[in-house]
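Below you'll find only one chain, the form predicted on its own, shown as structure tokens.
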């Protein structure tokens, strides 16, 4: 057991241990011979029983007994003999469990036997055994798992099991397993709207009062805090997915042009697929990962492309068919660039089945977003990008503030109310009041004692309150507590350095929420670029989130309009989330903590990206970097014989593939004109040469013309 000092063995103990080992080897040899010869007689089973008495962890012995039981049952149909076999196997498993209550093989064998002969099992004896084992160790999760299995097999009422958890918790409120079992039972009862468990608000209020007794009795015990976290999730969570942001937003007026700027219009820099074709992305961002987004479940009405021809793609760093964010592209050809009249485009979904969450919950409402697109006249060839582009500089002197900077047309989050106006997403008064009461309660607690987990819970409550105030309604000034929440996580970083990574991630999300919470906050981080070659984008705004100590990116659903983003001088190890920002053309990730090229995998679907700065990170610093093989594009993540990106290496030297396969898979999808990699250990002459060949559109590499690099 943990914490027990190891004692020096005595001579007689060593002799006994050697004798036991010799006996064990003999029994194992006999078992393997019987197993190989398929001998299932009484003598062979007795040898197996003796072996399991000595060492119940021999999995082969349990599998051998299963084969023996199946063989003996096939050869005998007598009821009494079958009953005898079931009882004998249950007895063998019980002996093993009394020797080792956490033996996986014994629990699985007992479960298998009960499934095989449930009509012949003594369930009263089963519950008596479980009671004895749980009294000896109330947190034995094997016992609790088996109890749930037996309860389901016997059809015991869930209300009775809920009372059982209450008894166990009253006996010892540090019983994590009892709290967990209680959450499982209550989840099912509330979902089924069982009598006495509806409305859920009443049930959750009673459970909060119940858990408070445990939390305030011993605030340092973590069992009750985990249950409180589960209750918090029940208060704010919704099963059904809903749309929280989109681009273009509902009611937006767009001008698609390469050289025009018109006041009060949303502008978009086109992405060129061919000389006479441009692509307009349509982005849908949901509150949770969804699947089934296709031309059947989502209808796009426009003159440019038939709805059935549109292909919706999940924007996710993994190869999953589920994602928070989905995108499709409207191809706009040269012949559409001559009309002066705006075109209306409608996006609707929720009218047909198929679009569901990862748990299978469908949308609870239908939604429609409508925007207009005006294609500005242009001279022949203006749809094409210039053959030469200026190099982008990210120095402070290349950006300026403007008191008259108008960013409201860009703020997608303000359209949220229109998106879900007809949905039933307004937060109940009970939910808001409950969270407010909990916040007051835990503020009082941490004013009396210095409890880490109480501070963490208060931080989570404050985040939850801000979340519900922004869900289903326009962002308002009522969303406060940012400074208080940030201070709580600063305290936790100081008090609990062993979990500093988690605290920094949560702090980063709070900070991102604060920065993007309203127009006033966001305006402080918006700058006008002086030298960026973005004349085709109209009024370009650079969102500068640099030097904020960010370790994680969040709330990108509010930033879908951004085309210039500065995330330099942070502590980012991943850029997950940026894949949703389909308008992003210029991105600065310099001076972060990116350790490998695979950390850039979310950038692969960003077809508009032109300038990327990843200088002064840690790419290539680690001789053994296992994260390289955890990404979705890793060759190790593809089963043998599958197609895909793994087949894209044939044009490269085998030595290049060996060293830079992750860079090849990521950069071959991008159409960059500028790349900065200086300051990373991976940079050398072979790597620079590879980048120039890999990205034909590249004109600037590490501050010099690509041809000279």
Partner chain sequence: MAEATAGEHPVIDPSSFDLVVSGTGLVESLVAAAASASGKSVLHLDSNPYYGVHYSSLSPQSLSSFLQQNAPAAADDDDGPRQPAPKSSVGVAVDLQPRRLYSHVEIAGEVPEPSRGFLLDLSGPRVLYCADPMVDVMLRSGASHHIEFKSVDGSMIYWDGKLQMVPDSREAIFKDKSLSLTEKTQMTRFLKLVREHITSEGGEGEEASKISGPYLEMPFVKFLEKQRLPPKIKLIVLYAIAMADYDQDNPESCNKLMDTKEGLESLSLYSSSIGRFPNAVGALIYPIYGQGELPQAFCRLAAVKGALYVLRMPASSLLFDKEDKAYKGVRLATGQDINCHRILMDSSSVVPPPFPSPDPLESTIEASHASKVARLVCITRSSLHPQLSNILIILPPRSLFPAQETSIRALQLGSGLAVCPPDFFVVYCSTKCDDAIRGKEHLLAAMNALFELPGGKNEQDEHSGDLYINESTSKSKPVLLWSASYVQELTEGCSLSSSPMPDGNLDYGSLLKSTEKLFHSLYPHEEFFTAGRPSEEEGDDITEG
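Numbering follows the first chain given and starts at 1. This one's a predicted model, so the numbers in the text were calculated from it and none came from an experiment.
Beyond what is shown, the protein has a form predicted in complex with the partner chain; the following relates to that form.
Not displayed here, the partner chain is kept clear of residue 286 by more than 4.5 Å at the level of heavy atoms in the predicted complex. In the predicted complex, no heavy atom of residue 308 sits within 4.5 Å of the partner chain. Among residues of the shown chain, residue 133 is not one whose heavy atoms approach the partner chain to within 4.5 Å in the predicted complex. At a distance threshold of 4.5 angstroms between non-hydrogen atoms, residue 173 is in contact with the partner chain in the predicted complex.
With the partner chain left out of view, the stretch that reaches within 4.5 Å of it through heavy atoms in the predicted complex is, among 192 to 200, 445 to 453, 598 to 606, 356 to 364, 445 to 453. A single residue from the set 488, 169, 541, 584 has any heavy atom within 4.5 angstroms of the partner chain in the predicted complex; that residue is 169.
This chain appears without its partner; in the predicted complex, the one residue of 459, 248, 105, 219 with a heavy atom within 4.5 Å of the partner chain is 219. Along 189 to 210, a non-hydrogen atom within 4.5 Å of the partner chain in the predicted complex is carried only by 210.
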